[in-house]
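Next come structure tokens for two forms of one protein chain, structure 1 first, structure 2 second.
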Structure 1
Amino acid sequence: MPELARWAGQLLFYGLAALLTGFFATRPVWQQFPKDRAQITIAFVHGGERKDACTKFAAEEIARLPPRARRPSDCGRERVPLRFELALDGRLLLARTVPPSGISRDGPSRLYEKLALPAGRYAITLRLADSGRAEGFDYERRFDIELRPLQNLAIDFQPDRGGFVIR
């Protein structure tokens, strides 16, 4: 009899544990993203221009350098920060200055932003300055889009394809 009671106790314990696990796996109901909204994700890695222009050496300057250090020019490593803007229907929604990465500030700048918006039609204007200019932008593109509920619109930057790309 004690053997039967032990088996019944284990069955009761494991059954209760399974029921509790099943209950808490479905409750409370949690929704990661609202059903009536859409998302815009901006994600890209791009290196701005060099902060300082390269200095060309004259032939006699090159000759004075040690043999292992001879080179036709000297270029600084540091890059300029990127300036990025996103306007939605003519209203500035996002403006970021993205510094270059790396200890010497010589790596590419990395931008990753997510925006949740109500579903609907929008005119999106994207701007990027990567040359260090104080006014204006080097790249500008406008898209007319329609965002559906739960849609995730991805925006990338590819200078070899003309700038901003929507995926």
Structure 2
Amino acid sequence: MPELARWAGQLLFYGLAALLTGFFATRPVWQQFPKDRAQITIAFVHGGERKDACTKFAAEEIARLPPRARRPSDCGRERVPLRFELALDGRLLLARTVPPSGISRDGPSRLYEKLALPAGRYAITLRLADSGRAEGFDYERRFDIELRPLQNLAIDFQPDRGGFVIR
């Protein structure tokens, strides 16, 4: 191959390599989420109440315990699972029973869920039971919201701030 053609070939190679690198560094574009929908992200960490109520020791029972293990009451470690519900315009959309974490099931329950909805106005109801009750809920919050396309509505739960927190 003539020398000039060889140089041209090298130029072509470098040009193509640069072109492909530049192209695939940003394209094709990935439509990660539909443009006309919004997202609700429910993300919280919260520990349910203890599964078993604490047992108070009598004075003689405490005395029988080894000195370093003496305590006024005995509490089980295991926590109850959380029950969570999300209703949209009165229709139940999400219901989850979230077990406590940890090998002894004594850690907090963790919930992380994402829901994609058409953009628009909604009446949202959130409910949570953390006491182990079989029926009803310990916390509830209702609110109306206009969800814009691509909006991400974050729902947290912070009992020290009164329960559900919308962010």
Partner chain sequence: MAAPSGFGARAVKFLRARVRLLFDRAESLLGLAFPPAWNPLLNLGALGFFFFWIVTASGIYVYIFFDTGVTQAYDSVEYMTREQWYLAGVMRSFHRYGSDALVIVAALHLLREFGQDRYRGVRWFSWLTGIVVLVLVFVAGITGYWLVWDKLAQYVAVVTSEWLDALGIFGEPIARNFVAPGALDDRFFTLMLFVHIAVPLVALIVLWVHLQRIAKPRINPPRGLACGAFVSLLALSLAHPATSRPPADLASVPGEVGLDWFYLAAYPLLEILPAPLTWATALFLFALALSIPWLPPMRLARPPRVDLDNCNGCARCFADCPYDAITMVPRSDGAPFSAEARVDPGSCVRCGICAGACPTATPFRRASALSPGIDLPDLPIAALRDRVEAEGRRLSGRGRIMVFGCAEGVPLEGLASARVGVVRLNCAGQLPPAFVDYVLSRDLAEGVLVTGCAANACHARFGILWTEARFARTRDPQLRRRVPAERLRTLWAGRLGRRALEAEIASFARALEALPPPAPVRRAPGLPATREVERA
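Throughout, rigid core stands for the largest set of C-alpha atoms superposing within 1.5 Å between the two forms. Worth saying up front: this structure is predicted, and the values here are computed from it rather than measured. By convention here, residues take numbers in order along the sequence of structure 1, the first being 1.
**Student:** Given these two structures of one chain, say which is the form predicted in complex with its partner chain.
**Tutor:** Answer 2, the form predicted in complex with its partner chain.
**Student:** Take the rigid core as the frame of reference and indicate whether the C-alpha of residue 56 shifts by 2 Å or more between structures 1 and 2.
**Tutor:** No; that C-alpha moves by less than 2 Å between structures 1 and 2.
**Student:** Could you check, with the core superposed, whether the Cα atom of residue 158 shifts 2 Å or more between structures 1 and 2?
**Tutor:** The answer is no; the displacement is under 2 Å.
**Student:** Rigid core aligned, does the Cα position of residue 66 differ by 2 Å or more between structures 1 and 2?
**Tutor:** No, shifts by less than 2 Å.
**Student:** How much does the C-alpha of residue 8 move between structures 1 and 2, in Å, when the core is lined up?
**Tutor:** Its C-alpha shift, to one decimal, is 4.9 Å.
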